[in-house]
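Take a look at this single chain, the form predicted on its own, given in structure tokens.
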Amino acid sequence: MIAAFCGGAEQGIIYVRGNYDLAISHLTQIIKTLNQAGLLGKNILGSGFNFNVNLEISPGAFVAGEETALIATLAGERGMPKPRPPYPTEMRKPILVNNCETLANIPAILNLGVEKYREIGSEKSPGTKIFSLAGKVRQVGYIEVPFGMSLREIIFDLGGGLRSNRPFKAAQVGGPSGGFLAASFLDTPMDYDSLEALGLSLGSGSIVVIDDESCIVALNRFNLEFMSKESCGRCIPCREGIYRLLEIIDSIVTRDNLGTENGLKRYQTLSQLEKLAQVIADTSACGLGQGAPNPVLSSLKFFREEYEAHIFSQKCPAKQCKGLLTYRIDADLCKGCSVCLERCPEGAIVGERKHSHFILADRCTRCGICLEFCSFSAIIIS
């Protein structure tokens, strides 16, 4: 409302994803209450200022986080970013687009005053930031902290540390297009300048905590699969490039694709991954394509040895990539109870009752069911 008053707008739109049921319910009630109190509508508080707010439901396209794609979806068009300039604020009928978090800071700045507000946070990033804390941390949820608080303080003081006391491995900052920070960067201040110096950004404000049982390569595959589906398809670097990155990752996490003897091909895979990721980041038309390679580039910078283990040794150090795992039964530990044999959906386990069993490698799909039901810790993964 303050932004509309200053900008001379008479219509406001709050755009919410369709699956955010609680937010939609709360906002619907708040808008109704403001209308009844005379704080929305015509001649608000006798000021001559007219302003109405509509709640619009987003179909949930990730690309609609880009402002021109958002405006297109509101107009009933396909969510595709448009060339800029002109920016929405420069159009014949200007449109101001901001995240709700940005607008929510306005009352605090006005109430405290600029100088007092700047005392919060860091020198170049004043104020507070809302983070979504998730992953392998004890206390998940939304937190609002002053800019400049270290990643260590956020995870271990506010988040209570890692579940099961597992060692901290990394944090992905900024959502599916955010970069990875290794343990050596736990004391990094969470503000714009500090992250920019590392080639990262705050992005959506999410922090996903990762422990030593998580595989960076597998997480990147998950990110790329999501981004490939969310690409609007308008520009070639994003539309084709992300799929190609996903193909390369797939070849890395599958034992047979790279072979066991072609060392040059395996080396080229790592080089191609890095070069392609940089080209996509440099040439994509909008933030989705420009940001999609960030997890790959940052993880290659801080966790290159993990990629090398997948490519050159064809091993997943975290034992998360099924295509690189081998399941076997330790004959000394197996009691021949046959529970694993009965549970295996592929018939990949053979053996007689009360005698040690054996896993047929060519039938095993590495589903992990045998591991789950073995009471004697006889299933060995390597």
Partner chain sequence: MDTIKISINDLAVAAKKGQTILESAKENGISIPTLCHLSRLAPSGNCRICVVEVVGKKRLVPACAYPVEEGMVIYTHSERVRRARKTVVELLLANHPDDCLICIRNSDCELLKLASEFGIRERRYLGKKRSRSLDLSSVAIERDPNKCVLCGRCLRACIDRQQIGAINFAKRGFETTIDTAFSLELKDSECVFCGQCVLTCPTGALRERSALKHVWAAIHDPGKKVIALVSPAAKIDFVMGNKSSLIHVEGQITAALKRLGFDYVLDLSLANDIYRKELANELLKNKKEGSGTLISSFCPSVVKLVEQSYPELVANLSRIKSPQQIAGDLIKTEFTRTNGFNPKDLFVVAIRPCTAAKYEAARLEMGSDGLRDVDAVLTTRELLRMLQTAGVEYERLAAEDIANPFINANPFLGVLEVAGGLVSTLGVSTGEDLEKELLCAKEFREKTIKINDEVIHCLACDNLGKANKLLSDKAKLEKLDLVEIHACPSGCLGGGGLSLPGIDGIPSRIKAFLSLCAHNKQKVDLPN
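Small disclaimer: the values here were computed from a predicted structure and weren't measured. Numbering follows the first chain given and starts at 1.
Although not depicted, the form predicted in complex with the partner chain is the subject of the following passage.
For the options Ala61, Leu27, Leu40, Leu341, the one in contact with the partner chain in the predicted bound form, meaning a heavy atom within 4.5 Å, is Ala61.
Only one of the listed residues (Ile154, Leu162, Ala309, Cys235) places a non-hydrogen atom within 4.5 angstroms of the partner chain in the predicted bound form, and that residue is Cys235.
Though the partner is left out of this view, Arg84 does reach within 4.5 Å of the partner chain in the predicted bound form, counting heavy atoms only. The closest heavy atom approach of Gly174 to the partner chain in the predicted bound form falls outside 4.5 Å. None of the heavy atoms of Glu213 is located within 4.5 Å of the partner chain in the predicted bound form.
Within this chain, Glu230 lines the site of the partner chain in the predicted bound form, having a heavy atom no more than 4.5 Å away. In plain terms, the part of the chain that comes close to the partner chain in the predicted bound form, with a heavy atom within 4.5 Å, is 222-230 out of 124-132, 222-230, 92-100, 140-148. Annotated contacts: Arg239, Val279 and Ser284 all touch the partner chain in the predicted bound form [non-hydrogen atom within 4.5 angstroms].
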